[in-house]
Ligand SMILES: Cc1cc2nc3c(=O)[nH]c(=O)nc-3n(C[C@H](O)[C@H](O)[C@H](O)COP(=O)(O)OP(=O)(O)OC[C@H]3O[C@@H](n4cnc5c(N)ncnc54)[C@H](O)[C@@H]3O)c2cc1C
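Coming up is one lone chain in structure tokens, specifically the form predicted alone.
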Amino acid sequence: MAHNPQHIHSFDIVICGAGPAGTAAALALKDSGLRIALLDKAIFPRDKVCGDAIPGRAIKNLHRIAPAIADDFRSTAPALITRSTALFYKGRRISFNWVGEAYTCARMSFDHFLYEQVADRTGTHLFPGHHITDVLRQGNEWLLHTRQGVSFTCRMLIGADGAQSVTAKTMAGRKLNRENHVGSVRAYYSGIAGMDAHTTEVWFDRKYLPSYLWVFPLPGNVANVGFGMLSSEIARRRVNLRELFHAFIADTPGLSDRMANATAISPLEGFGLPLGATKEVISGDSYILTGDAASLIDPISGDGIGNAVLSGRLAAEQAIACFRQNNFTAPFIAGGYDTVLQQAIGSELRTHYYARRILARSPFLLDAVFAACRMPLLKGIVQKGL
């Protein structure tokens, strides 16, 4: 929807951030009858540094919002179906097949697909290229200022502005917790030998557990290759993550051979992953945080897209309830959003959080896992994705 810029725009709901969480919220609000604005500092299509894995949870929640959206993704998005994942450690390999639906798709394509879905299917007012700098409480409304000199007011605010969230810092007092944050780097490569277009790869090295390097195939014989490490470990070891990325590849038998003639077709770029499981403030009076802004990334897999789409959908449902009952208080929102979100993914995030900590303290456990999975029964269990 086109706009003639004005100094102040007033809406019922402003969604800050047009990634998977923000667009999912906008799509789920399409029949609410409310005036919705979706802001993002970028102009779409835009790149987003990420692993580019789209899990089944994202597709399931898009289908729940509107089946046609999931169908459009399957039929039009430049994506590869992920059928299996291969884990590599000390020259050994474990493979398991995915039971659920999963894909790899460059975030530039996936996020633009969702953004276009919002433009085509909803009456949401889109404001790309608007960088939020201040979020202020003004009576019973929020007042947002942007770097572009345009301001917005709203009764309710949905924060979906990612790992460096202005809304989370302003409204929830969020600060960087290095013990629960991963620093990562990734680059795109072409020509990696032996790639299976439908198999994602994860490579481990005992020196850096529970960190790992991933190789995720994308259309066109391209792969997303990246490495992540807990931010507290980066600081403690005083390592340069970019140098470590290249050293990991060079020092890993099998991987180094396969990448010997590969070509980097993008710069090696960094990004942060705020992990889930610790108790964070994710809502309050008249606001809800979603996706990376709510620190919902899986501590083991590093996936944030599935939980982002889920949280965006739940935030929209709670926002509709707030307007219907004219109740925007923190307890009401927590009861309908925080509680439901915790019921859906809380146990999973906590379990994976403690599993990551145990593996970091006892790296020999990975040797036991790989040895156990050579047994026919346990290998069969792993292959089912359990």
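Note that the coordinates shown come from a computational prediction; the quantities given were computed from them, not determined experimentally. Each residue number is its position in the shown sequence, starting from 1.
FYI, the form predicted in complex with the named molecule isn't displayed, but the following is about it.
- Figure note: of the listed segments 91 to 99, 171 to 179, 74 to 82, 153 to 161, the one touching the named molecule in the predicted complex, with heavy atoms no more than 4.5 Å away, is 153 to 161.
- At the 4.5 Å threshold, heavy atoms of H125 stay clear of the named molecule in the predicted complex, well away from it.
- For the chain shown alone, K41 is a contact residue for the named molecule in the predicted complex, at least one non-hydrogen atom being within 4.5 angstroms.
- For G51, a non-hydrogen atom is located within 4.5 Å of the named molecule in the predicted complex, even though that partner is not displayed.
- The shortest heavy atom separation between G302 and the named molecule in the predicted complex is within 4.5 Å.
- Annotation: in the predicted complex, residues A18, I132 and F216 each come within 4.5 Å of the named molecule through at least one heavy atom.
- For the residues R46, R350, K60, R357, the 4.5 Å heavy atom test against the named molecule in the predicted complex is passed only by R46.
- When you look in the predicted complex, the only residue of L230, L273, L310, A316 with a non-hydrogen atom within 4.5 Å of the named molecule is L273.
- Residues of 96 to 128 lying near the named molecule in the predicted complex, listed in sequence order, are R107, D111, the criterion being any heavy atom within 4.5 Å.
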